[in-house]
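As structure tokens, one chain now follows by itself in the form predicted on its own.
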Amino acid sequence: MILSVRDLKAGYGKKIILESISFDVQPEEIRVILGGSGSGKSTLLNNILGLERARAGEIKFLGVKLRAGIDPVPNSVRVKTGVLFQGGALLSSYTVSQNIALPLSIHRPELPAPVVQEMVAEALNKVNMLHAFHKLPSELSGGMKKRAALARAIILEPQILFCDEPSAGLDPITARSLDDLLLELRETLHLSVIIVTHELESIKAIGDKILFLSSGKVLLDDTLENALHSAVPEISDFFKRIAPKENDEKNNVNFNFR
């Protein structure tokens, strides 16, 4: 078991956002977290990662049992965890290589500069971005920024990767290439991946299991196949949304391919 969440409760002030959330993530599984606006998807990620303080619950993170909201996530777990933030969260004044080296400076400060440069180059090569080594984030397209941020997230070769809306703001072709890259990294790095998204094509392309949140509770915890054929109206309506037409994609001439 890579991750086990039990009875997680979270909120802001007097408002409860999540109540009694429980689910598991298996090795090399891609778990997609779905739900409508305000259902608590990003809040769930932030509480698991310890970026927000949960009200109650238990999290077993890579074999380490934590009292949610009480026990901090130890460094032994953080070094095995990668995070791809929404928008990429690259530092604008740092080059791509400097951005990617940040986790090494925090968790592996003893590494000599040549080794750091070699590890950065290897991470960039895994996401097909070696040519951007010396570029600034302002010189990158939206898709390239996501790939650079992904290289930073995997620089320490984590066992679990968290992604918050990785395809947000990307055109369909670039989003599809990012999905393919996540699948490739899952295979080569033996990653478990937890993704918050609302992009139907991405969900269908990469999801193994679905956690569907509604009003702060788990409405469904099942395989993608069962989720797609769910008789629950809220879930059924979610998957019946109309995806972009093929002709719409062909007529868009402003795609960024990286």
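Not measured: the values here are computed from a predicted model. Don't overthink the numbering: it's just position in the shown sequence, from 1.
Quick note: we don't show the form predicted together with a small molecule, though the next part is all about it.
In the predicted bound form, none of the heavy atoms of V25 sits within 4.5 Å of a heavy atom of the small molecule. Proximity of S39 to the small molecule in the predicted bound form: non-hydrogen atoms within 4.5 Å are present. Taking the partner from elsewhere, K240 is found to have every heavy atom lying beyond 4.5 Å of the small molecule in the predicted bound form. The small molecule in the predicted bound form comes within 4.5 Å of a heavy atom belonging to I17.
Heavy atoms within 4.5 Å of the small molecule in the predicted bound form are found in one stretch of 218-226, 65-73, 201-209, 29-37, which is 29-37.
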